[in-house]
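This document opens with one chain alone, in structure tokens, the form predicted on its own.
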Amino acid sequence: MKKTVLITGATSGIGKACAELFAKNNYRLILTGRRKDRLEELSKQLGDSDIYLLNFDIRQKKQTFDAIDNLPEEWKQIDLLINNAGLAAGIASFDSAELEDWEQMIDTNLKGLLYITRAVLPLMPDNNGSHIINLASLAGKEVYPNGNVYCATKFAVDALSKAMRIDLLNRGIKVTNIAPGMVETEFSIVRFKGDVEKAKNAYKGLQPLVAEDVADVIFFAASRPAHVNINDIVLTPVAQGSATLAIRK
């Protein structure tokens, strides 16, 4: 029987790369995202794969629980949840950052992750290899200048991964925290509010990770034997030594 994976934020970047990789490896996919057109385009791209699309905003509690509660009966067992949806909004010092940016990051990176995980957990079988993979960040291990609330949300994801692992131990549910460093996706374009040049400059002079690199690591964690849990993985480009140190040519 095929396993079912639910991937949040599947319309671009790491989420899209995960959808492609897990489809290739014969998983059934539940894909979520705010951009309906991109979800439909991805579904067409993946062709014959078993796919169910959920178009909603993960920041909205009612939308999130309604979407999961109203899944068709044949989609009501979820073996793997990949909490990928997240963003950085703006980059500014604590005393000059926009409050709206803070709220957007808290609502997406933290509250959205909480909502979808609580909604999905009743559909995850106990002691059957069920698995939650949370996409955190190197920013959840080290704070850097002007990262303040983004870092705080990712530190929270790191802490929640540990808490879920402890609290769900009696159900036999695996929990993995994935913490990438510099990854070139739409992430920086969103952070710099559409300024493509600034986004490119963030990776100038070095070879960053790409979405497929992170998806490969996520799939590795998800495909371990039933008795093995990968608790935490940090991955960076070779040129990056810490949140603030990178060698540029």
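Predicted model only: the values in this text are computed from it and were never measured. One-based numbering along the sequence shown.
Another form exists, predicted in complex with a small molecule; not displayed. Remarks below refer to it.
Using a 4.5 Å cutoff between non-hydrogen atoms, residue 219 does not count as a contact of the small molecule in the model of the complex. When contacts are judged by a 4.5 Å heavy atom cut-off, residue 58 counts as touching the small molecule in the model of the complex.
Within this chain, residue 85 lines the site of the small molecule in the model of the complex, having a heavy atom no more than 4.5 Å away. Contact between residue 117 and the small molecule in the model of the complex is not found at the 4.5 Å heavy atom cutoff. Considering the small molecule in the model of the complex, the lone stretch of 168 to 176, 117 to 125, 71 to 79, 85 to 93 in range is 85 to 93 [heavy atom distance within 4.5 Å].
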